[in-house]
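We give structure tokens for two forms of one protein chain below, kept apart as structure 1 and structure 2.
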Structure 1
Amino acid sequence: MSDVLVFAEHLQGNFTDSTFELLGKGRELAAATGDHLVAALLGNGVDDMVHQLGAADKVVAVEHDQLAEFNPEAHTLALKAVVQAVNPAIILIPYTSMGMDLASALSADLDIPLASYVADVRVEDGKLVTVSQMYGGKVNVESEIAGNQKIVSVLAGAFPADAGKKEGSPAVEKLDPPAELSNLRVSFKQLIEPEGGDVDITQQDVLVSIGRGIQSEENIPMVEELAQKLGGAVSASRPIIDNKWLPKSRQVGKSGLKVKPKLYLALGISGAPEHIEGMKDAELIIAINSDPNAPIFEYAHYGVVGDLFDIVPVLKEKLG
């Protein structure tokens, strides 16, 4: 086996958590194989960002004005150039909106096998083994990937980000940008960001989160009152957002926001894998659900089997 390559994903000058998650896991894989960890940094004017990639042994950078904003065609061309220069055995790409474009295109262009939806990856007896989630996380599939090179597209939140957060001065190699970047079929026009919600749930110390168990929109004020007494805000699982009972900015989960509050109080949330991915790193998780077999109890530090409509009024009364 040879080096491990991590695609360093960034947006508007900031690395995503997925970048550090993969750097941490990449460091572990490189140690297991006795090889080096290399970060692929694509952009324009990214020299000031290199010090944040201290977990890597080396950074290979490609700079071009067409890489200033994410463009799937441009970034695929640049990442392909890095892969051909480094010739890594393992290529780690986050399974994000950016990474989904890159991993599949890179796999097709270079004829490299791709494992996607990956929740775990390890080296066993010199072979790369991945665990992929299927059917919304209901089934885990373990695969042994053959070939000299492999692309692994990893789910956000699969590994701790802190393991990859290390500042330093890794060696930097700059590659000439591919000539094709001057003649692209796809061009970046504008980044349109969603309007900010009334509450940024990623910054809250306390979240009271609701799921299907809330039953109707008319019951949400009761929970909002509880959240106010706790000094927090109301968040929700996807069904509540799909019903338009709360804005998208309140959604926790794979297709929503990842949160790390000091307290996460889950009311009537069963605990689908997509939701767990967004809140599993909370310092304290308390779940209230009438179903004793709800998956949320596997992740909660404390659990109450009961009807939230009986328990929430008591909590409000105790809080005064």
Structure 2
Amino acid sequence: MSDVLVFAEHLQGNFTDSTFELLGKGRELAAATGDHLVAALLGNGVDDMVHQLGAADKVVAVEHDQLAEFNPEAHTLALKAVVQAVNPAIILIPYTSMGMDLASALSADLDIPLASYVADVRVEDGKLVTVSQMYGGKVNVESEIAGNQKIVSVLAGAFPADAGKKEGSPAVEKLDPPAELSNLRVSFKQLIEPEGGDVDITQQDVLVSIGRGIQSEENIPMVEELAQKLGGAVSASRPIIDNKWLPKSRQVGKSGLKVKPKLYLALGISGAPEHIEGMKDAELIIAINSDPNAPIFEYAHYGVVGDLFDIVPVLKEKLG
């Protein structure tokens, strides 16, 4: 009755890091409340995947053709069936592309309160307390969720994945797929692999990465030159890609790529959680931003509060 349920997210046959991050945290929450950790596994032919979910006490699975690939409608229906069968107190869902389609949907359909953008969650005096990173990471909000059931939508990378990576053979319970799965309004067509870009930013030792602070497309060549001098490539945060100033293959962050270069030089990037997720493991992070309160400075090793248009030209000169 007061179990912790984790949505086990997988894409192309592999569990995502978020799954293990949530299992690790879920284990902790279940220990605090003295209850079980249950993983919700939705797919088609999931038996070979279960052993990776050893951190859970139990796996509740729903299998159906329509669940073979993620489908916002099918997965909402199936996850709803799992929630109704398990009746968990806490439901952990990653704040990822898939999780975004599920958490709010469950909240509306089952009338369960939801905390989103969550970077920390704990049990305090029997209450569930969450900390959400709001306003692009500039302000944290600590909240308490009331009710017998709560949904917590957790930012990717918020917790260590290792804590949830455990081989094992948890008990498996299979639920009958909901009848509505044969009458869906959303149908999955295909997965589209990213086009091979001119540069693979995950393989670069040096990335000079630009954000909104670059102001216009015309300023990009200046940064390209700097990247060349450093023997690296130019990458970018989401707004640059959404504006089509650089191809998708250059995007670092949540809907882009995860990078771990030797040097990540962040120019005019404020450091929203979605971006941090993609670059926080770089060996050396140097950030230049005109806003002294930019969250990027919390993650950088070295920071400069200043105008990138003043500093980049001098830096280029000094690098010869």
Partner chain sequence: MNIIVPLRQVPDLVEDLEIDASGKDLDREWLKYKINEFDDHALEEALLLKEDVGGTVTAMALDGDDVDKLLFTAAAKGADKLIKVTGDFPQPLSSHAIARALASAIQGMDYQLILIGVQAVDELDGQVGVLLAHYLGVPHVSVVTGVQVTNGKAVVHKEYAGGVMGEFEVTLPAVLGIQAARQTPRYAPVSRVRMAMRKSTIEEVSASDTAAGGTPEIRKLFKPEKGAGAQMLDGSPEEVAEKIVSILKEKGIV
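Rigid core (definition): largest C-alpha set, two forms, superposition within 1.5 Å. FYI, numbering is relative to structure 1, first residue = 1. For clarity, every value in this text was computed on a predicted model and none was experimentally measured.
Q. Which one here is the form predicted in complex with its partner chain?
A. Number 2 is right.
(Q) Rigid core superposed, CA of L207 - does it shift 2 Å or more between the two structures? (A) Shift at L207: 2 Å or more after core fit.
Q.
Could you check, with the core superposed, whether the Cα atom of I220 shifts 2 Å or more between the two structures?
A. It does, since the I220 C-alpha is displaced 2 Å or more between the two structures after the core fit.
**Q.** After fitting the core, W245 CA displacement of 2 Å or more between the two structures
**A.** Comparing forms between the two structures, the W245 CA shifts at least 2 Å.
Q | Per-residue Cα shift, G256, between the two structures [Å; core superposed] | A | Its alpha carbon moves by 3.2 Å.
Q: Look at the Cα of A300 between the two structures with the rigid core superposed and state its shift in Å.
A: A shift of 5.3 Å.
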